[in-house]
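Only one chain is given next, in structure tokens, and it is the form predicted alone.
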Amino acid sequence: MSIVTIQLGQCGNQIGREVFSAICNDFHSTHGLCYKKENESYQEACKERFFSEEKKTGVPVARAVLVDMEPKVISQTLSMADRSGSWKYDHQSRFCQKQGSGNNWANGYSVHGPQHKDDIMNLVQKEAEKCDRLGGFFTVMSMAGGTGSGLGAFVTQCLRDAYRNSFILNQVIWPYGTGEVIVQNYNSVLTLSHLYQSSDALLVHENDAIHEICAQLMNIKQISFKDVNQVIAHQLGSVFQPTRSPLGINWQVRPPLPGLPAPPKPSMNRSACFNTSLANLVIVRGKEVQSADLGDFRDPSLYTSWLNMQDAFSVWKTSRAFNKYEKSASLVSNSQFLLKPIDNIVGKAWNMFASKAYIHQYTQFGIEEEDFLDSFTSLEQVITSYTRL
């Protein structure tokens, strides 16, 4: 099955290009760790999932739509992909204007979104119609700015309306805690609350955490956005590349029916600090995958009491290694890990809102104080629900 990627804003387009580069590099790598037939099957599945093929040259073409309100980043993204020689974008699958969103969520959501909806969704439809089997949509966006966050939330809502049965996964970049944009907390609260209503799943990368990986694990002295983006792309590629399991993760976690007793939760020593999980997925690739010991992930005490273990934990395995690693493991976790970051960002945004700081920048584009209050309420409910796991 195929995935259509939608790259939104400067951050989304730069990370999107790195994702396709990482996937293409993995596609062409040879490890000798799996049988030739298995490697060919892996490559075919990868190609169907992320690329179509240009008939004249045979060069893989990314199944992607590039969207930004300024042309510079998209032009650079297209050019860098072309120069790679191993893959490219369809230059007709881009939409850009000459004026950005000014780091204003309301400008992206209320102005650029409705104004350019038809053009953007027509590009999405064309890419979707190229797929023999459409698996869903993958959006890449930031929460801090205006185009990626505001327009990204609007486009996600349009995707949900137009493709009600398709899986929508939003990959969002959590801003640095020290602040990139003075209104980033407003933009983040508005983005998260709207995506919560229309997306099937949010896959979050925190800039601060990725920065720490670059500094401590990779020993990079002067860390650039390119370094951060490559780490994010590598992690995404390690999750999205084919395995022996079907495409798609069952994120639809539902509580037990009313009246049914919840299974008892085993007692444990709570002195250890850990995050209770709704669900965990581990993807193991490469050498000796069958002997990988994942028993600790099956400990019922790690999960909320109203889920059975077979619903809470999944493992995907393939002997085909990813990228340059002989063996690797990736964890996708739906847990309490983001409670503190969400609470922090909501708190900062609320303090600004209580003093009416910068509200006029949003009301001039049609976002009223009631919209902020609705967003705060929505995220407070999320915080409460995850706290009670």
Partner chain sequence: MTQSVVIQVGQCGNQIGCRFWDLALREHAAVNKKGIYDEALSSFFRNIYFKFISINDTSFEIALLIDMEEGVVNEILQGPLRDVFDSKQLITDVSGSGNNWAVGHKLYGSQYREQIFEKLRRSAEHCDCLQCFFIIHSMGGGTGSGLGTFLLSLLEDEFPEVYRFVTSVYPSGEDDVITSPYNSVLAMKELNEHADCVLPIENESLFDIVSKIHQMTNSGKLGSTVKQSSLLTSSAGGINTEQEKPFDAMNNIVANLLLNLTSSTRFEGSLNMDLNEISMNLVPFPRLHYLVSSLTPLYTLADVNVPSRRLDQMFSDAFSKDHQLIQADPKNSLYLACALLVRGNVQVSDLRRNIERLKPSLHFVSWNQEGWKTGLCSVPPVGHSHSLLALANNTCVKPTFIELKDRFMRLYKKKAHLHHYLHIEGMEDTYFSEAISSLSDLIEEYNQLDATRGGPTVDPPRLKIAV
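Numbering follows the first chain given and starts at 1. All of these numbers come straight from a predicted model, not from anything done at the bench.
This protein has a second form, the form predicted together with the partner chain, left out of what is shown; the following refers to that one.
With the partner chain omitted here, the record of contacts in the predicted complex names 349 to 357 of 40 to 48, 53 to 61, 349 to 357, 322 to 330, defined by a heavy atom within 4.5 Å.
In the predicted complex, Leu281 stays away from the partner chain, with no heavy atom inside 4.5 Å. Shown alone here, Ile232 lies farther than 4.5 Å from the partner chain in the predicted complex, counting heavy atoms only. Taking the partner from elsewhere, Ser335 is found to have every heavy atom lying beyond 4.5 Å of the partner chain in the predicted complex. Heavy atoms of Thr156 never reach within 4.5 Å of the partner chain in the predicted complex, leaving it off the interface. Only one of Ile213, Ile168, Cys131, Val181 lies close to the partner chain in the predicted complex, with a heavy atom inside 4.5 Å, and it is Val181. A heavy atom within 4.5 Å of the partner chain in the predicted complex is found for one listed residue only; from Gly136, Gly100, Gly286, Pro300, this is Gly100. Not one of Ile15, Tyr163 and Glu369 places a heavy atom within 4.5 Å of the partner chain in the predicted complex. Of all the residues from 65 to 85, those having a non-hydrogen atom no more than 4.5 Å from the partner chain in the predicted complex are Glu70, Pro71, Lys72, Val73, Gln76.
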